[in-house]
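Heads up, the chain below is alone and in the form predicted alone; it's given as structure tokens.
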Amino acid sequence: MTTTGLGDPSVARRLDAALPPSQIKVRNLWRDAFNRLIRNRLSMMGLFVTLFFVALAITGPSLAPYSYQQQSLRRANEMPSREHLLGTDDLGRDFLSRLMWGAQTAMLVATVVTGIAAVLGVVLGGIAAYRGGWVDWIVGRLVDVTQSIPTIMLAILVDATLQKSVTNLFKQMYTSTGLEVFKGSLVINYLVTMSAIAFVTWPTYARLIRSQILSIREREYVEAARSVGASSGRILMRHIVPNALGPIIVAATFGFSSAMILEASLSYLGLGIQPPAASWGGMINDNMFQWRVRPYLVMLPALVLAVATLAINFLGDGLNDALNPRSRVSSGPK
């Protein structure tokens, strides 16, 4: 910053100190975070495994030897063979193909849910923290009520409540429009499941962004922006939210794995993604009766789900250390 028109050079130095860190050394900060991330072996292993599951979700359906709903009752309950590398289930569906299609279900639901919950939480939490007063009180009470109920129980309640209403709505839409998208139950399953999980996970982001904003809004660069007449919306979106994104990114990473587990749990209980769609939780439920005869039909989807969520959690730990190195210092060496 130049000193032209400021008179005293010390004024310029004080204004420089008032600028947000993201406008002074953004590139260096992100480069340092990236360097810390790649030095963390567990997080890099988690990144590679996560990218593998993302690639599997994208290419798995085209690489799968069979369709996820292709049945052959004459070949039901077959052991692994050349035609079916992991055997078939009780309906004669290729187990490997359904396992690969299940990756698409898990990644799709987790991506959409995390996006919706993060955006909703950041918007409501940001407005509540910055505006304060009755707005903060209402959002705070809504967060408290939502988080006072066990997550899985609330997700079951929302899912079961929405199922019939959304089904009736889709029937009416199909009758009036004739569009095929409103005819099948598969879209309803995805819509209801994603809505239920997003409803129970957004308070985490709202509470996190609220605490971040409450600490950031009193800093010097925010006061400097207020002093030059910047609007509340500009201050919030240009100065406060960008400087609170680090913890949100970390929370979204952990939220991604939590959404996968919640989807699998709802599907296991018969409320989430239902057959013929492939879901790892649904596959565990469908084959529980064969646990003593062919335990791998239950173990494989559970193992794949565990590996995927563990890899994402390793990546989240690495991102936390990279974006918030103070937490690593305060918690001691790992």
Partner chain sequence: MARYLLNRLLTTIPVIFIVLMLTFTLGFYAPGDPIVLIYNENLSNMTPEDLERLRNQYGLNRPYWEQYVDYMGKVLRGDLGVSIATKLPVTQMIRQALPISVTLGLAAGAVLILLGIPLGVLAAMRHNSWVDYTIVGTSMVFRTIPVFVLGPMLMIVLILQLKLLDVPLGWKGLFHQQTILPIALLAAAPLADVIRQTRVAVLEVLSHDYVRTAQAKGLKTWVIITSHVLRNALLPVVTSLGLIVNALIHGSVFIDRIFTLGGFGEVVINSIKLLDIPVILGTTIFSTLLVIVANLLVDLVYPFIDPRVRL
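Owing to the predicted nature of the structure, the values given are computational and were not obtained by experimental measurement. Residue numbers count along the first chain shown, from 1.
Note that the form predicted in complex with its partner chain isn't included here; everything after this is about it.
Student: Given that the partner is absent here, state which listed stretch (284-292, 59-67, 45-53, 32-40) has heavy atoms within 4.5 Å of its partner chain in the predicted complex.
Tutor: Careful reading of the contacts points to 284-292.
Student: Can you pick the one in 128, 103, 264, 251 that has a heavy atom within 4.5 Å of its partner chain in the predicted complex?
Tutor: Checking each option against its partner chain in the predicted complex, the one that comes within 4.5 Å is 264.
Student: 156, 216, 99, 116: which sits within 4.5 Å of its partner chain in the predicted complex by any heavy atom?
Tutor: That would be 156.
Student: Heavy atoms within 4.5 Å of its partner chain in the predicted complex: does residue 168 have any?
Tutor: Close contact exists here: in the predicted complex, residue 168 approaches its partner chain to within 4.5 Å, heavy atoms only.
Student: Residue 199 versus its partner chain, in the predicted complex: is there a non-hydrogen atom within 4.5 Å?
Tutor: Residue-level check for residue 199: yes, a contact with its partner chain.
Student: Taking heavy atoms only, is residue 148 within 4.5 angstroms of its partner chain in the predicted complex?
Tutor: Yes.
Student: Is residue 271 one of the residues lying within 4.5 Å of its partner chain in the predicted complex, judged by heavy atom distances?
Tutor: Within the cut-off, so yes.
Student: Looking at its partner chain in the predicted complex, do all three of 164, 303 and 309 come within 4.5 Å of it through at least one heavy atom?
Tutor: Yes, all three are in contact.
Student: Since the partner is left out here, which residues of 224-251 would have a heavy atom within 4.5 Å of its partner chain in the predicted complex?
Tutor: Nothing in this stretch is in contact.
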